[in-house]
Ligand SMILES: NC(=O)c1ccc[n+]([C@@H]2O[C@H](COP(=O)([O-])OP(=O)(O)OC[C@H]3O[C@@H](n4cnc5c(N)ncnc54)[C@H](OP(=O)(O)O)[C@@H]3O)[C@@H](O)[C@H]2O)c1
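Single chain ahead, by itself, as structure tokens, in the form predicted on its own.
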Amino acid sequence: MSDAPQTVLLTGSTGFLGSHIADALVAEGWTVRCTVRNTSNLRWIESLPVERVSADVRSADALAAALEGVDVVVHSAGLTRAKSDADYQRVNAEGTQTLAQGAVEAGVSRFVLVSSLAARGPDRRASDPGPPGDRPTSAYGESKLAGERRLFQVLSESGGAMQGVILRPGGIYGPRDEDSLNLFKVAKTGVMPVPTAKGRLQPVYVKDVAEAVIRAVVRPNLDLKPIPLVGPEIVSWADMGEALGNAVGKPLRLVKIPDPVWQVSGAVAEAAARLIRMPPQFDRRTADDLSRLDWTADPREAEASLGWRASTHLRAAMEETGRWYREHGWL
């Protein structure tokens, strides 16, 4: 603790991942300051010994006050669903730039950006044309990549005054996640529709990601390159069904949905959400992510950079998540 920063500013603390990061920072003994908005639900942090400040990542003035006396920023706030592509850019890209600029001006020593594997895009196949590199396939992924690039720009212009760390988690799941909850509710029926295509996934448990963030806060001399955070195993939908069935205590029958039907379902759900001016719960991006595309990464990259490797396997994590849902009356 002697060499550790005294105050961490955490954005996104009232959300699924951010609340677990808040738990981990408090457990490690940091002084934690959390940005909240008037519309924020404080249920996950109201019992934590943290300071709450009212600030939006797009408001430079509000952020200036929130950043006073801060040593490290952990920026986990962001839009995962939006009514328009422009909304993604305003929050995930422009908001990151505004916060990073404010952090430099406030004398912050390190800025940890929680980005997403979507900024890289799905796995590249040998037959894919073009040079290697980031190739996001969605407006969300493009906005996360833009946020990373804007952070790079701010850090470059700062002349080394602030160090940056970029983390790219894969699909995150665990307690408090409403998206995971939907899978458990379906699993309780004993039947789950899945895409016919064999997309491979490498989901990562939320508490493992929170631990990785802690490493990013304290690890000295990190290179400014995106670090992928993935689970310890690559899984198929059959693996996912087995783990879900075990978590809800009943065998689960997977019903394979032809890929064209799956894709059309995503497009229809997205169009319907736009008609009622609501962020879509299921859309074309999600349909692609869960079917035709592979989302994996080499866990050795995070081990080399952070000294971190995800340790929670799918079956155990699903059991713990299901237990949490039941204890809190969600399932």
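Keep in mind that this is a model prediction, so the values were computed, not measured. In case it trips you up, residue 1 is the first one in the sequence shown, and so on.
There is another form of this protein, the form predicted together with this ligand, and it is not shown here; the text below is about that form.
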property: Contact test in the predicted complex: residue 18 vs this ligand, heavy atoms, 4.5 Å; result: yes
property: This ligand contact in the predicted complex: residue 321, any heavy atom under 4.5 Å; result: no
property: This ligand contact at residue 228 in the predicted complex, heavy atom, 4.5 Å; result: no
property: This ligand contact at residue 40 in the predicted complex, heavy atom, 4.5 Å; result: yes
property: Listed residue (78, 141, 147, 102) with a non-hydrogen atom within 4.5 angstroms of this ligand in the predicted complex; result: 78
property: Of 172, 244, 72, 165, the one that lies within 4.5 Å of this ligand in the predicted complex (heavy atoms); result: 172
property: Location of this ligand contact in the predicted complex, chosen stretch of 211-219, 152-160, 112-120, 250-258 [non-hydrogen atom, 4.5 Å]; result: 112-120
property: Within 4.5 Å of this ligand in the predicted complex: residues from 45-74 (heavy atom criterion); result: 55, 56, 57, 58
